[in-house]
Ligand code: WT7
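Just one chain follows, in the form predicted on its own, and it is written as structure tokens.
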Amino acid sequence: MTIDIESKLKETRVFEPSPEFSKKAHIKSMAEYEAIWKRSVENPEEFWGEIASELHWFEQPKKVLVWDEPFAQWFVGGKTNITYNCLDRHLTTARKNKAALIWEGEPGDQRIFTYQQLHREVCKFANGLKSLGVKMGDRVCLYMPMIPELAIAMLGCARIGAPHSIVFGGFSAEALKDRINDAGAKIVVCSDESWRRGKQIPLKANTDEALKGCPTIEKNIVVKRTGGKVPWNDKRDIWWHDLVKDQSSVCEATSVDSTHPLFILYTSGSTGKPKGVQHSTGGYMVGTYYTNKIVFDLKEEDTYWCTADIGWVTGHSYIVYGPLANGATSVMYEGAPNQPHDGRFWEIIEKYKVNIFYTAPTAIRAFMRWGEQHPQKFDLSSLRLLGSVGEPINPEAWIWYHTFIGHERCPIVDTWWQTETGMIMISPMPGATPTKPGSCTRPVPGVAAEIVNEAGEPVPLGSGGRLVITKPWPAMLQTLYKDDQRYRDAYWSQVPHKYYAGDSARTDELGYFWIMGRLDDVLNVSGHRLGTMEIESVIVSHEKVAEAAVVGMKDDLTGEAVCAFVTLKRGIEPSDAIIKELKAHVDKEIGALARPKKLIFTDALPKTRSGKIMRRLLKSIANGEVTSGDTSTLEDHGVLKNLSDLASTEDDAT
């Protein structure tokens, strides 16, 4: 007999879509959603074939899916090019002169590209790559800040069939080197520097350091961003502006097989060796096109802003490929949300009249900590839809988002998906789904998800277990680059014949999914298995708390005990009284079983630059162990030292 993960958190608040929103939505009711979803999982090839027919193919697919578990080939025999669908097909319509990308730099500079202008720049860069000897199948590494050239570069690569490997601009030289070498990249593109919180980050210098150990790199293309002085190698380095200035603005999109690799994106591995997630062209294109349209209810007139960095999959799918395939106007911002002031995001929404805003729970909790006075200074009336991505959003952050950003009129789409899935997998349909704070609700059409126990058997409603996907979907990863066996082991060996996501979850009486955290983070307290996210949500629901992260620590009596790292709201100092309040609050909301044995107060938690809390490192700290594994994604290594010092005491730490 296996033990399910217990769920103690009960959320009863329900928010219905407004009749006005539903009337104009792509999916207008739960009855309509149910019918579409049922057809999509019963006849997936017919369903996805119809979606694919909305896009352009040089040669039509002969078969929608060939499934040789665990390897999927989508739209077999079809030939296409994702940039033709993102750019060329709009040029014969009124979208030709529509804004495709609106870019705002951290210092306040601005550039806007229409579809026609973006097409021209992509073609010139693609021709520049060809002039350097880049051919179909060659890998190109992009190590760049959030500037338009990053989007242009990835589209330029895709235009000629050269898979891109984007390495987030916050990574170290060592992390860059590892990713270049694993991909065997021929070209790297960087910038002289980048802006981050008013400082100039030396990307070219980092690239030079990495390239000391990268024998496959032939040329380094450098974008002039800040104009700072940088080291130069005349044999290897070439300025972007010099490369493209004499190139033709005509470059026919290369016809590639649907299964041709579009990109490799490295995600952290627990062993310290990053995993190169490889996505195909056709399946990824169809999946991101469709989910961007229905999850965000995209309309022709919308100005859409996803705040992610393109260095992460969210930026690939929902800043560049998904929005452009839909002919949308996509906003791209270079800098930090509090540069030069805590209201920068709201200022941008007001400036560009943003209608759809998609950000991370960790950002929302930061906004909560800074205070609602900042969004209240700006006109947010253009907003009609809000989204959340990256990790489970705790109910109190959801309510704050709903109240102070959405002004209680904007649906919130809380989305669950992964680098590996390529597209959103579970999310409300904003015109149809009654939402509950903290739940990503139901699978999107075309996705079959369930929760199983350790034996792979479905668990009853209300019970927790492993989240799995039971059928292939178009945007799924093809494999891990050059490592089919690791792909099998990581995703298809834990639960027979099902994709194992690595997350724990439960369903409620409506069949809504509630993500309870990574399975690695499940606590076993006196034989009870508890999800960390639920305890964190309760702690954050306390009026004095801004953010919390919960991990397990060894305990002689209970086997494992709860250790909570807590960040208080601005102006509130840690005290014995607050420690008692928080422990009593957890007792009341969940029970004494979940009461933290140790509370550690901190101004900052160890996070990746995409905003995810690195609980693996916190668990090592709580247990007095040396932090190990891949830490290349960590934003501030100084946070670890501070927390290690605090955690070394026996008692609650302030």
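Small disclaimer: the values here were computed from a predicted structure and weren't measured. The numbering used is simple: start at 1 and walk along the sequence shown.
From this point on, the text means the form predicted together with the ligand, which you will not see here.
Visitor: Looking at the partner-bound form in the model of the complex, is Glu547 within 4.5 Å of the ligand by any heavy atom?
Guide: Contact with the ligand, no.
Visitor: Would you please decide whether Gly161 lies within 4.5 angstroms of the ligand in the model of the complex, comparing each non-hydrogen atom pair?
Guide: Close contact is absent here: in the model of the complex, Gly161 is far from the ligand, nothing within 4.5 Å, heavy atoms only.
Visitor: Considering non-hydrogen atoms and a 4.5 Å limit, does the ligand approach Thr216 in the model of the complex?
Guide: No, no contact at 4.5 Å.
Visitor: Give a yes or no for Trp416: in the model of the complex, does one of its heavy atoms lie within 4.5 Å of a heavy atom belonging to the ligand?
Guide: The answer is yes: Trp416 has a heavy atom within 4.5 Å of the ligand.
Visitor: Quick one: in the model of the complex, does every one of Val295, Thr433 and Gly511 get a heavy atom within 4.5 Å of the ligand?
Guide: Judged in the model of the complex, none of Val295, Thr433 and Gly511 sits within 4.5 Å of the ligand.
Visitor: Which of these residues, Asn326, Asn220, Ser194, Thr314, gets a heavy atom within 4.5 Å of the ligand in the model of the complex?
Guide: Checked against the cut-off, the match is Thr314.
Visitor: Scan Glu420, Asp309, Glu534, Glu149 and let me know which has any heavy atom within 4.5 Å of the ligand in the model of the complex.
Guide: Here the answer is residue option Glu420.
Visitor: If contact means a heavy atom within 4.5 Å, which one of 113-121, 539-547, 451-459, 389-397 is the stretch that engages the ligand in the model of the complex?
Guide: That would be 389-397.
Visitor: Just to make sure I understand: among 123-147, which residues lie within 4.5 Å of the ligand in the model of the complex, judging by heavy atoms?
Guide: The stretch 123-147, when checked against the ligand in the model of the complex, contributes no residue at the 4.5 Å heavy-atom cut-off.
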